[in-house]
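Next up: a single chain in structure tokens, the form predicted on its own.
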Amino acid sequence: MKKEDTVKLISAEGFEFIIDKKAAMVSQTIRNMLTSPGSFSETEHGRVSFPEISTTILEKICQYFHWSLQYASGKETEFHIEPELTLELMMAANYLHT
């Protein structure tokens, strides 16, 4: 996969998730950050930092992005969410518009 086909998402703890750009575009917020006109750092470098989202939650969000693409293409599977992550995950999903 080419570098321009990926995006780097960085958690509050500094952990980096490199995922397919199509998957990241599931989020309206990330899509706006990466496609905004002008010379924004996110647009130029394909790198988005989330200082308020923990590594555990960002990992689950990345899993959801990939699951969402599979679901949209007709592959119906369950997406399991651990109960202890529910509240933080809902707040992050709200921010990311997913």
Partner chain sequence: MSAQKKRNFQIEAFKHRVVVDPKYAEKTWKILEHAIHEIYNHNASGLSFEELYRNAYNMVLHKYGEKLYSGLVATLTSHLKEIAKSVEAAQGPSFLEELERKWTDHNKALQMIRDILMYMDRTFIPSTHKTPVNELGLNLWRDNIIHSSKIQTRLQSTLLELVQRERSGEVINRGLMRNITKMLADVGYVVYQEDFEKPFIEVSADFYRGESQQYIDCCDCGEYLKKAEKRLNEEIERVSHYLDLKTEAKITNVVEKEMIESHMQRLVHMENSGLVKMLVDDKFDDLGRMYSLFRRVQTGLTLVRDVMTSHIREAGKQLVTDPERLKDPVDFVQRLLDEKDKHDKIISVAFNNDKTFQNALNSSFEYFINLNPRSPEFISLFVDDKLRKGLKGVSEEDVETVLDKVMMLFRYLQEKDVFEKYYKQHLAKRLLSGKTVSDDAERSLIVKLKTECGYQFTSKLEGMFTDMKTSQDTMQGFYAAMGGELADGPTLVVQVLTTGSWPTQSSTPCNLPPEILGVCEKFKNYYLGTHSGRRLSWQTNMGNADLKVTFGKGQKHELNVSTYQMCILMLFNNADQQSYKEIEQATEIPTPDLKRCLQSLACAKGRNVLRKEPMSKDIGEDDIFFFNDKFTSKFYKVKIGTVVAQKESEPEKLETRQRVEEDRKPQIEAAIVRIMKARRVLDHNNIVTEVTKQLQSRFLPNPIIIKKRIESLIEREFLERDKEDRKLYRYLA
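Residue numbers count along the first chain shown, from 1. These numbers come from a predicted model, not from an experiment.
One more form of this protein exists, namely the form predicted in complex with its partner chain; it is left out here, but the text below deals with it.
> I'd like to know whether Thr6 contacts its partner chain in the predicted bound form, with contact meaning heavy atoms within 4.5 angstroms.
Outside the cut-off, so no.
> Do Met90 and its partner chain come within 4.5 Å of each other in the predicted bound form, heavy atoms counted?
Taking the distances in the predicted bound form, the answer for Met90 is yes, it comes within 4.5 Å of its partner chain.
> Just checking whether Ile81 would be counted as a contact of its partner chain in the predicted bound form - the rule being heavy atoms within 4.5 angstroms.
Looking in the predicted bound form, residue contacts with its partner chain include Ile81, since a heavy atom lies within 4.5 Å.
> Would Thr29 count as touching its partner chain in the predicted bound form under a 4.5 Å heavy atom rule?
Thr29: yes, in contact with its partner chain in the predicted bound form.
> With its partner chain taken in the predicted bound form, which residues across 44-73 come within 4.5 angstroms through any non-hydrogen atom?
Contacting residues: Glu44, Val48, Ser49, Phe50, Pro51, Glu52, Ile61, Tyr64, Trp67, Ser68, Tyr71.
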